[in-house]
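Heads up, the chain below is alone and in the form predicted alone; it's given as structure tokens.
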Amino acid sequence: MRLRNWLFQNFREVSQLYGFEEIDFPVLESEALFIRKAGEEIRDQLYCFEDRGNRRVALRPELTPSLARLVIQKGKSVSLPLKWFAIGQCWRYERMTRGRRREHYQWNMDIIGVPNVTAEAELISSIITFFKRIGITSSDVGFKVSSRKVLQEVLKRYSVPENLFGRVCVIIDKLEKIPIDDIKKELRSAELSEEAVEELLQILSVKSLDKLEEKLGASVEALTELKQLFSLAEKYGYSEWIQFDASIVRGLAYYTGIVFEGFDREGKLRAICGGGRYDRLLSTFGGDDLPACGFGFGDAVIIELLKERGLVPELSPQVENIVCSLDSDLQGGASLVAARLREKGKTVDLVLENKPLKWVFKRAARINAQRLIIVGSAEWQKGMVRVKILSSGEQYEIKVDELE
């Protein structure tokens, strides 16, 4: 719990550094919110059931659809752009492996209402700020960046209908997870010609923008946006963290433009985080579309990476004061001292039973108390207590009223 709180505190502080406001959504949602028609993996991973009102409900597997609903609900009552973040518990029924749990927490940051890649550049910057805070460097982690518009361009050239786009993306997201022949088979079953499949796989192997320009020509919108993102990365000072990789498409059907994924450079772990632009999500829930982009960052893989790098912080409990009485008759006095200190905002562990001093010292060491305050009868009769500074062993008596 201490580790989780430390992690969440960093998520929260980075989000606030970037001017984002915290939101949350119900854990239990309507199943329909997460069911889209693109054969996404997430659909088979829902924890879903029928409630007592015969409604199909699900434990949320991700946060973005709930966010979309909230944006629609708020409508014109909020001014754009919206910069919101959430740290939410999510559930997915899947095979548990390293860095993949059925119940996990996810940090999301989303920008609604900004059509330019300045939004994506800002989101990637925020994740990098988080990494730096916890001791992760660009030699540990990088970002693969691409755009779904690259794919769109290829499909358009081979007259592949627009409605198959989401499905093709979901298939391509499996590139490193299943054999290439299975990918080809799935693409052919999605009505792509042999020629289109070969061209698509060739484009997906491209790892530089220059190469992409050779393949698609300079006028393609995807290329312009990607160049702008890399130029902004330079201004932000995080160029060494990001690289172009055409095979990155992300597994959710709703992404429409730039997509990115954080990965560990040793290649031992699953994606650390990922996100992108989803300009057409709101209309699928009956709202008016708004430009939007965001990312999801789970708590499981990052903890594995921190362990791998020896960067998990030593997080022991910490209390400023431990207060004890030397006599059970003085328990009331000890309670009074504790109450006074707490009123002043000081943390206090009050020893609630009559324990020997040896026990109290052990307890103080275990909770990393800074000072021990002893209520003994001789001092108490003078309205005083004895204070021991535990790091130096220094001791003194002080009036109860003057205790800070």
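Counting begins at 1, following the sequence as shown. Rigid core here is just the name for the largest C-alpha set that superposes within 1.5 Å across the two forms. These figures come from a predicted structure and were not determined experimentally.
Just so it is clear, the following notes concern the form predicted together with a small molecule, a form of the same protein that is not shown.
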Open item on the list: Exactly one residue in 167, 309, 227, 104 has a non-hydrogen atom within 4.5 Å of the small molecule in the predicted bound form; which is it?
Closed with: 104
Task: Contacting member of 42, 351, 372, 341, with respect to the small molecule in the predicted bound form [4.5 Å, heavy atom] - done: 42
- [ ] Name the stretch: of 230 to 238, 215 to 223, 243 to 251, 94 to 102, exactly one has residues whose heavy atoms fall within 4.5 Å of the small molecule in the predicted bound form.
- [x] 94 to 102
Open item on the list: Residue-level contact is defined here as any heavy atom of the residue lying within 4.5 Å of the small molecule in the predicted bound form; does residue 114 satisfy this criterion?
Closed with: no
TODO: Determine whether any heavy atom of residue 65 comes within 4.5 Å of a heavy atom of the small molecule in the predicted bound form, and answer yes or no.
DONE: no
Open item on the list: I'd like to know whether residue 90 contacts the small molecule in the predicted bound form, with contact meaning heavy atoms within 4.5 angstroms.
Closed with: yes
Task: CA of residue 184, rigid core aligned, shift of 2 Å or more between the shown form and the other one - done: no
TODO: Determine, after fitting the two forms on their core, whether residue 99 shows a C-alpha shift of 2 Å or more between the shown form and the other one.
DONE: yes
